[in-house]
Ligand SMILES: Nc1ncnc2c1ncn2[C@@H]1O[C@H](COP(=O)(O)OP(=O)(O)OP(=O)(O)O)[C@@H](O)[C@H]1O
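Have a look below at one chain only, the form predicted alone, in structure tokens format.
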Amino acid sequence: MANLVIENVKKRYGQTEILKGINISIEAGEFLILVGPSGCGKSTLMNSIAGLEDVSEGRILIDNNDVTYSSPKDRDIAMVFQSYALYPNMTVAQNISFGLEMRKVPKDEREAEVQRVADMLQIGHLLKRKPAQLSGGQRQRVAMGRALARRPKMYLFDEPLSNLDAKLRVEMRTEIKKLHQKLGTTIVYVTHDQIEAMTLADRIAVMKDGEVQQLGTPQEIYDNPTNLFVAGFMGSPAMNFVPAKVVEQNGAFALELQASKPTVVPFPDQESLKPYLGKEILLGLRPEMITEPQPHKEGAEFVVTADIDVEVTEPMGADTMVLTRISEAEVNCRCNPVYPTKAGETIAMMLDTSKAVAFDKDTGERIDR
């Protein structure tokens, strides 16, 4: 296990700046995920950590040793790629042991290590097969096995599950999480899939345009996003952003929305609304905070029931997503499937603003803390 420190790392290609001063510190044994849309710089940062790309400025330290200009082989890192990168003419066992062979590890030790890794990943029955005879999930396990056999200080995963189908991706997510719990090793993992990020990470770095927008635990990022980008990127379905006018009601600041008729909802952070009195902000509400009326919430401090026009319903089995429109914004609501909802009807819905967040319409930054 090793810690990792990324200090003010910048990467330029000519005049184009890809990484704009990245600062991240990772504890030994931590599982960090770099998440963001395509082109945000996450893979460039991963390659810089691995030594596959030179940085333009800044430092990278592994186990408190400066490796900024060290070659990949001197960093003691194993990398698992999106493409698996298996040798097609070698068996599974040969693919796993290849790195050990290059390092002149004795044959009996190589064989013992291959068996250890095969048992851990449950691929012992595949050791004599070649990659062409394997499924996508099996190939991914072999690629992971090759990395595990080296016992490096740190593992780097670059979108390892993106080539798998949805069901297999869920299964492999669970396997990777079990693996981390068993080994306790340091992992840096790149993905554009925010569900992978939420389920796997100890901490998440959300990236956009070569910058880290927010670094925190999955729950911190889900509940307390720093800006509109993070709030909209993390969560499935995404957070709703509803235009709302700040008004004063009974000596307190509140938010006026336009549902089927004007509706005023309370907001927890009163001080943050004060400078916006009479102005419009964006109210951030997760879909699970807009539901069918729930008796146990009746009369709660931040709960209001309003009539809402239904535009589309999407049955999901465990719940039903109801698409409606509030203050001209499309809004997703999460309802119990037994609650009667039908497109074109007006139904009663409960809005819970106890965990709502607010954003400045112009800057996109959080205005409440």
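Counting begins at 1, following the sequence as shown. Everything numeric here is computed off the predicted structure, so don't read it as measured data.
Although not depicted, the form predicted in complex with the named molecule is the subject of the following passage.
Undergrad: Just to confirm, with a 4.5 Å cut-off on non-hydrogen atoms, which of 327, 43, 341, 324 contacts the named molecule in the predicted complex?
TA: By the 4.5 Å criterion, the partner-contacting residue is 43.
Undergrad: Though the named molecule is not shown, can you say which of 256, 159, 211, 111 has a heavy atom within 4.5 Å of it in the predicted complex?
TA: It is 159.
Undergrad: Please identify, from 35 to 43, 308 to 316, 63 to 71, 332 to 340, the stretch that has a heavy atom within 4.5 Å of the named molecule in the predicted complex.
TA: Only one stretch qualifies here: 35 to 43.
Undergrad: Quick one: is residue 260 in contact with the named molecule in the predicted complex, heavy atoms, 4.5 Å cut-off?
TA: Although the named molecule is absent here, residue 260 would stay clear of it in the predicted complex, with no heavy atoms inside 4.5 Å.
Undergrad: Indicate whether the named molecule has at least one heavy atom within 4.5 Å of a heavy atom of residue 192 in the predicted complex.
TA: Residue 192: contacts the named molecule in the predicted complex.
Undergrad: If you check in the predicted complex, is residue 18 within 4.5 Å of the named molecule, heavy atoms only?
TA: Answer yes; at least one heavy atom of residue 18 falls within 4.5 Å of the named molecule in the predicted complex.
Undergrad: Does residue 224 reach the named molecule in the predicted complex, with heavy atoms at most 4.5 Å apart?
TA: Residue 224: no, not in contact with the named molecule in the predicted complex.
Undergrad: Hey, which residues along 50 to 88 are within 4.5 angstroms of the named molecule in the predicted complex, non-hydrogen atoms only?
TA: Just 82.
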